[in-house]
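Have a look below at one chain only, the form predicted alone, in structure tokens format.
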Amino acid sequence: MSLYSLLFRCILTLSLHDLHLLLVLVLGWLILGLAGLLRPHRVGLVAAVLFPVGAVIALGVALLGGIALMAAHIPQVAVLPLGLPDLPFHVRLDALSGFFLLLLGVAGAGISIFAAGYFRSGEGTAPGLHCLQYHTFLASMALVVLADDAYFFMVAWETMALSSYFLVTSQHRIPEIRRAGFLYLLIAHVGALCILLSFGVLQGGSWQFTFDSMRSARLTPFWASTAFLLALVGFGAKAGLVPLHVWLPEAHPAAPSPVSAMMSGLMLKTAVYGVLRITFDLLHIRYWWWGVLVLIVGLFSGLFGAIFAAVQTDMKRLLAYSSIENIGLIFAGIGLAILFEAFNLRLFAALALTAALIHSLNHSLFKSLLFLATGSVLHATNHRSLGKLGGLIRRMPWVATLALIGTLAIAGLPPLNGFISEWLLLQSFLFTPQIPHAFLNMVVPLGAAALVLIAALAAYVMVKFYGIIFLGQPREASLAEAHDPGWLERLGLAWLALGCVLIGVLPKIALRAAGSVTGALLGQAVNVSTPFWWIAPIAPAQASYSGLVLVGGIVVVVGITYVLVRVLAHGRVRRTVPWDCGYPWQTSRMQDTAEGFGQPILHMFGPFFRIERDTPSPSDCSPHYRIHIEDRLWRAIYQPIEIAVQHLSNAIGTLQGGRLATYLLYSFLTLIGLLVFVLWA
């Protein structure tokens, strides 16, 4: 017996108890949260003990999720002695849940380590209560992924929504933060209602709420499509798909940075998980127009998010809109997978789904890294506005270096992880001419052009983000006091940056993990038979890539340059001032501002924005220019609903201010109406 076979059998033996160990770890998160209430105002207990232990538990969750991927063909199920008498909680660990547990654990460990050094007293919610909310949030996300019946899923889903709401409103004394939290909770419950209705349709008339009964149900095309559309709206609201995105750019800036990292890096992926679970597992058939719909929504969301990110002046709002862009790319991959699978092109469907899964993992790493980096900048400078930052690479070299890795990764540059998933998604678009449908053959390949445009805009946004914050000269005198964070925050940032580098250099790790999921859902996986340093998802003759070879080439070029310049040129180094354009007295006012950086996007994509400009009069001695940019969809969709609800509330409110005789009249008229209805029936 080979060593590999022996190792696999040992892992398989261990995996028989994975589900129980996972439940113990999730219970450990809840116990940690309750432990924070023992000394709610003791920052030392929360920071030095509870959050680091939570990071260790996250690593355990990631390990067990990875083991579940290796034993993807053996799902584990259990029934918990919890719930209602006739509705116990069912749990299941399979390849799909294992992948998202791996994602949750890997990114959650880095965020928890960072949070141990980030949270401090006097910042909103008491540290112990914050610890409870934080670890309940982590536990509920894990239970969403493990739930195997609609009842338990909705309980975990609502727990996730409520715990994240309290985290968002940590600074609840600020009216804007309370408003952002209410908007988030409102959209979350609208989405939850759609998900609940989708589960109701999936039952197919049965009284069984388990996912197994939904898998065995054979719905008509109408009801299958209804369940899919309800799921898309429900999970799309949580994911931030346009036009259900309005909560996301409000909630992320309001929340503390570790919470923003968890919401963007982890919570949005539970929505991706939900769509995959219903579409590829619970529904027995897929229709091609489902894929086209998801593809259009995904690409439009990606373009919308990239455009709005380019014009932001708040670094956390910029990253929030960037999350919409990346979620759009993930859903574009899911749409392609549905489209290919509907025409029985399983290999290409596996390629598109692999791209979506890997981009989910990548986004959890580099977006968490960037949100945490903005938290370090915020603590060091007390500024969130890009117009008050600059030159921090000299004051915060650790954060600047690690943030550069995340910036290059999210921009999709090799050899980092963001390039891998976007490259796989582009490869998927290049195979769409294989679809046996004339109209789709003509239209769908245009998505490749949209993908390239989104990627280019994303790179533009990241140049703005990194350049304005870390490069140039400080725009405020107070930035001279900025400094790098403590070692725990550096360790959390470094952990996430290491993930970005590792997947980019050795992408086969992520490819194998995603292959276990596509094999379970589609019965097909991409090619992984190449050497560990090389990937060829379809065939070596069609598309292949090696991050390790690319890194080796970069090292060789840099080494040769070093030898030519420093050794053969006798090591002479000449230093001189940079070109000053003939004006040596340069100040930070001569640098590009965040507003100036976004001007080309405002001109090219003007119809996307609602723009208000305040221009001073010529006689103003101290002129100030201001531009206010709004989302047209808010004015077109949500503001009319807000006005209608307000009018309806006012009308109903008048019923509560009447006299006793008026209330008796209402009751009498109601009884008469019921009597007429009964007699008529």
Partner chain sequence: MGVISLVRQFSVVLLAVALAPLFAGWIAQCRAWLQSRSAPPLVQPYRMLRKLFNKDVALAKDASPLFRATPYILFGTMVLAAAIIPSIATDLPFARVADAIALIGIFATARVFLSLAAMDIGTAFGTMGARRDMMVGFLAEPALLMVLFNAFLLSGSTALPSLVEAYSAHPLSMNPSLTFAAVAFVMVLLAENSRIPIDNPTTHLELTMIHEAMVLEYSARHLALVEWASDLKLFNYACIGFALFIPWGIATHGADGGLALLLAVAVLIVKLLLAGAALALVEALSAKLRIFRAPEYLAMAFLLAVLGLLVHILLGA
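Numbering follows the first chain given and starts at 1. In this text the structure is predicted, and so the values were computed from the model without any measurement.
The following text describes the form predicted together with the partner chain, which does not appear among the structures shown.
Enquirer: To test your reading of this chain, name the stretch in 261-269, 380-388, 468-476, 187-195 whose heavy atoms come within 4.5 Å of the partner chain in the model of the complex.
Expert: This holds for exactly one stretch, 468-476.
Enquirer: Within 4.5 Å, heavy atoms only, which of Thr220, Ser529, Thr561, Asn344 is in contact with the partner chain in the model of the complex?
Expert: Spelling it out, the residue with a heavy atom inside the cut-off is Thr561.
Enquirer: Can you pick the one in Val463, Leu229, Leu80, Leu498 that has a heavy atom within 4.5 Å of the partner chain in the model of the complex?
Expert: Selected residue: Val463.
Enquirer: Any of the heavy atoms of Arg173 lying within 4.5 Å of the partner chain in the model of the complex?
Expert: Arg173 lies outside the contact set for the partner chain.
Enquirer: Contact with the partner chain in the model of the complex for Ser546, defined as at least one heavy atom pair within 4.5 Å: yes or no?
Expert: Yes, Ser546 lies within 4.5 Å of the partner chain in the model of the complex.
Enquirer: So, in the model of the complex, is Pro88 in contact with the partner chain at a 4.5 angstroms heavy atom limit?
Expert: No, no contact at 4.5 Å.
Enquirer: Should Asp281 be classed as touching the partner chain in the model of the complex when contacts are defined as heavy atoms within 4.5 Å?
Expert: Contact check for Asp281: no, nothing within 4.5 Å of the partner chain in the model of the complex.
Enquirer: Along 401-429, which positions have a non-hydrogen atom within 4.5 Å of the partner chain in the model of the complex?
Expert: Going through 401-429 in order - heavy atoms within 4.5 Å of the partner chain in the model of the complex - the hits are Leu404, Leu408, Leu413, Pro414, Phe419, Trp423, Leu426, Gln427, Phe429.
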